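Shown next as structure tokens: one chain only, the form predicted alone.
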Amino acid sequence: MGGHIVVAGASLGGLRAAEQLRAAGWTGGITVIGDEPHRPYNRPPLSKEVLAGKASFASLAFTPKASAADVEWRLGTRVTAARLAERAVELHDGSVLSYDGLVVATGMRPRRLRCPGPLAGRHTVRMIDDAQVLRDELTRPGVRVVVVGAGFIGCEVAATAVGLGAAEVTVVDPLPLPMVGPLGEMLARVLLARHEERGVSFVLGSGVTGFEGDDRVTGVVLSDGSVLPADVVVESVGSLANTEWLDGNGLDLSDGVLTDQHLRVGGRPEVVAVGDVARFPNPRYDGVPRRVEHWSMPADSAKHAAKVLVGGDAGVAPFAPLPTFWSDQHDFRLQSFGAPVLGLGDVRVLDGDPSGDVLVGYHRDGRLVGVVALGGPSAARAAARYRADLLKQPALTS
């Protein structure tokens, strides 16, 4: 099967797409384009093991399968525009690549705070270079750290900073509890207490309006006018989809790239999207298109998208993944299966107790739609036992 497929994005989604295209029978050329200079690597450890100095880039790098050994990698290269009607993409150096198939795998980038003040001393954690620079800052004696954003990445960074011996670690968030959006109030209160017990301070219900300092940040100005002293600031305030290069093609780019139930983009059978940039309807739930920023999504979506791109959708069931995520913080782990965010109105303890290892179930219309375990290995095993039940759940109605 000849021709040429361009994969825009050289992170995990791009790698898995290239591998799955070969597995689906594509024998033509494959070119993977990525703006980082590095080959694909595992990102979840960046806010934990890499910051803690327990993992190197070599331990994170993925090795492509032998079937994808002939794939062309163009690293340190950015796709700047797509001309879908012409089946061509433009690169930042002005060159143009034609394609027979296009895989959109450009992922996300960190959202930055638009506040007055110096930039030096302010960090995000998305790439290996970010984590390595931040680690050098966090290991300075007596460092005072302010993390803006009490989501998963923010809380992981705060936990790692405490473990590295930071003098002060404070998390700021306008919401009333950490991680309350995806987990609900019950677990959020438990997580708040566990972080505080281990040395993290929280300023909740408050935003950030600016940063003090001349050449480098020395303080974080809160919405009430008070100032938190800071030597290092970590901004963990969400993500933005890397979709600007797709502008002008009549696509819905309001939140990532809207796809159909087979991950095809804009009604074009030769264009698919994979990973956390894809906003797709999941018939396992209510069919509302959503992006899913979970580690399992690049591999799951790449397998489906490659099959459809190479062979069409005849006889192929719609893409209906079971989302999975985990988060290591201090000495405990959060492990989830399903879509807890769809069941925040009906949250029940299924096993254990919030004071120790606990398994929580999330229900919608009386049906279990997600579980989250908090604690040690026994809690994670308890969550895994519910995976089969979640896979059997019938589709929800909207």
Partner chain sequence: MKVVVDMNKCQDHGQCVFAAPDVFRMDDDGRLAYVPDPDGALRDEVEEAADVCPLQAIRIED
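Here the structure is a predicted model, which means the values were calculated and not measured. Numbering follows the first chain given and starts at 1.
Absent from the display: the form predicted together with the partner chain. The rest refers to it.
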Partner contact check in the predicted complex: of 57 to 65, 32 to 40, 349 to 357, 365 to 373, the stretch with a heavy atom within 4.5 Å of the partner chain is 57 to 65
The partner chain contact at K303 in the predicted complex, heavy atom, 4.5 Å
yes
Against the partner chain in the predicted complex, would S11 count as a contact residue? Criterion: heavy atoms within 4.5 Å. no
- Message: My question is simply whether A384 lines the interface with the partner chain in the predicted complex - judged by any non-hydrogen atom within 4.5 Å.
- Response: yes
query = With a 4.5 Å heavy atom cut-off, would you call D130 a contact of the partner chain in the predicted complex?
reply = no
As a check of understanding, the residue in T124, T170, S239, T324 with any heavy atom within 4.5 Å of the partner chain in the predicted complex should be identified as T324
Contact check, 324 to 342 vs the partner chain in the predicted complex, heavy atom within 4.5 Å, ordered by sequence, gives T324, W326, D328, R333, Q335, F337
